[in-house]
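Before any questions on how it binds or moves, here is one chain, the form predicted alone, in structure tokens.
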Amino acid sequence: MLKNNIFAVDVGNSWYKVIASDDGELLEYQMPNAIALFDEEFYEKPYDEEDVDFEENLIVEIKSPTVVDRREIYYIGKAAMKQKNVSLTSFNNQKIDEERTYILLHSIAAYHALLSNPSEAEIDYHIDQLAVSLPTTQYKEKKEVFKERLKGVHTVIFHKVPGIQEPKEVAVKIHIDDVIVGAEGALAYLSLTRDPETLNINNDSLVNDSRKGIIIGDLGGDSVDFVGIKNNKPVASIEGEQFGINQFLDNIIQKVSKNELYKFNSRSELEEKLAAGQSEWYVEPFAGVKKDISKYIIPQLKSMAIKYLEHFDRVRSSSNEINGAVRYIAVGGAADIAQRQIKEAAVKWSERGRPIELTFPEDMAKLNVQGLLILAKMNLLKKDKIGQNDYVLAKS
């Protein structure tokens, strides 16, 4: 087992999913992709500090080459979702060019470091291998730039930290030694075929199927990332699409606000409700008044499912390399939420003579971040072997 600090971050348009491995000890986090500017004038000091959940009170300032130093302070994640000026991702979000990416990514690393060192006001945390994801639409052109921007030292100052004495600040320096970038969808394949501990192939059936071809459709917030796998390797001729669940979430939010007088504080609040299942599909605009919102949700999920299958059909017809694929696999948080509607839509495609029989693996929303952890370990192992070879050559 590798003994290094690894930080794997699936940079989602709805959620950042994280697995941290400090010398082999694993911790998992997820944070809504939400930020809001902090304003001291409107900050309400908690009545009882012991009752304050730090995760819901994350107020940060970033000192980093990746962020223009305007001395601005932000609420992030769950804290931002509660603010009126919360900022969510825009359509076709170009992740490497958005400051919000670096504000959230560095902050969640610092949050992990602070939880691991709760009694210190100044912390240095070293990440030997950072692994991050990009959509297939951005991966080829921008992965090298993303790597270079993330390497180095970045300082996160947490303000108003519960349980810390005045001035209630904690500074965390994040030292990032190396970065590796993975393409969404391809990472899911890695997770489906490799053991996270030994890194060996543990799914011979899927690898054998890849000889004829596999297509993976990773449905996320603002993109659907298709990856073709042939002979256990991604093929180059398949591209993702700017299409995801966020536009459908926004439609649901608008209809519920207009008709039921309930305003969701963010897409994340609605998405959590959808992921919990239909028994949770209601809102309480007033205390004691429950409103069923499934009549707004189901039509939107059906529309998304139909569009998702249209993209699948286009992709399998567009590439000679993957023509004749024998497995189609649905992954991603949005595919998990709309699994029932996607299956219903697939029946209609079969009736038309163009069957699309999708496989829905377990933990499909976490496959990319699990793949990132495996990718990071494989890269560390590769570097370790190169280092050993250099040592042998020096001695010979």
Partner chain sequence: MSRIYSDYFNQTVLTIPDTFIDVKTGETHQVSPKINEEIEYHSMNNTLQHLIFSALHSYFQQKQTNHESTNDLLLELLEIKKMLNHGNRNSSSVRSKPIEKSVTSEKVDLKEIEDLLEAFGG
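Residue numbers count along the first chain shown, from 1. Just so we're clear, the structure is a prediction, and the values are computed from it rather than from any experiment.
Just so it is clear, the following notes concern the form predicted together with the partner chain, a form of the same protein that is not shown.
Peer 1: Would the partner chain in the predicted complex be within 4.5 angstroms of a non-hydrogen atom of every residue among T137, D313 and P355?
Peer 2: Not a single residue of the candidate spot has a heavy atom within 4.5 Å of the partner chain in the predicted complex.
Peer 1: Quick one: is V145 in contact with the partner chain in the predicted complex, heavy atoms, 4.5 Å cut-off?
Peer 2: Result no; V145 lies far from the partner chain in the predicted complex.
Peer 1: Does any part of V11 reach within 4.5 Å of the partner chain in the predicted complex? Heavy atoms only, please.
Peer 2: Contact check for V11: no, nothing within 4.5 Å of the partner chain in the predicted complex.
Peer 1: Spell out, yes or no, whether the shortest heavy atom distance between E197 and the partner chain in the predicted complex is within 4.5 Å.
Peer 2: Close contact exists here: in the predicted complex, E197 approaches the partner chain to within 4.5 Å, heavy atoms only.
Peer 1: Y111: heavy atom within 4.5 Å of the partner chain in the predicted complex?
Peer 2: Y111 lies outside the contact set for the partner chain.
Peer 1: Which residue among V289, V153, I298, I306 has a heavy atom within 4.5 angstroms of the partner chain in the predicted complex?
Peer 2: So the residue touching the partner chain in the predicted complex, by this definition, is V289.
Peer 1: Sort through L115, A275, V326, A121 and report the residue having a heavy atom within 4.5 Å of the partner chain in the predicted complex.
Peer 2: If I apply the 4.5 Å criterion carefully, the residue I get is L115.
Peer 1: Pick the stretch from 68-76, 245-253, 179-187, 218-226 whose residues have a heavy atom within 4.5 Å of the partner chain in the predicted complex.
Peer 2: Flagged stretch: 179-187.
Peer 1: In the predicted complex, which residues of 202-233 put a heavy atom within 4.5 Å of the partner chain?
Peer 2: If the 4.5 Å heavy-atom criterion is applied to the partner chain in the predicted complex, 202-233 yields I229, N232, K233.
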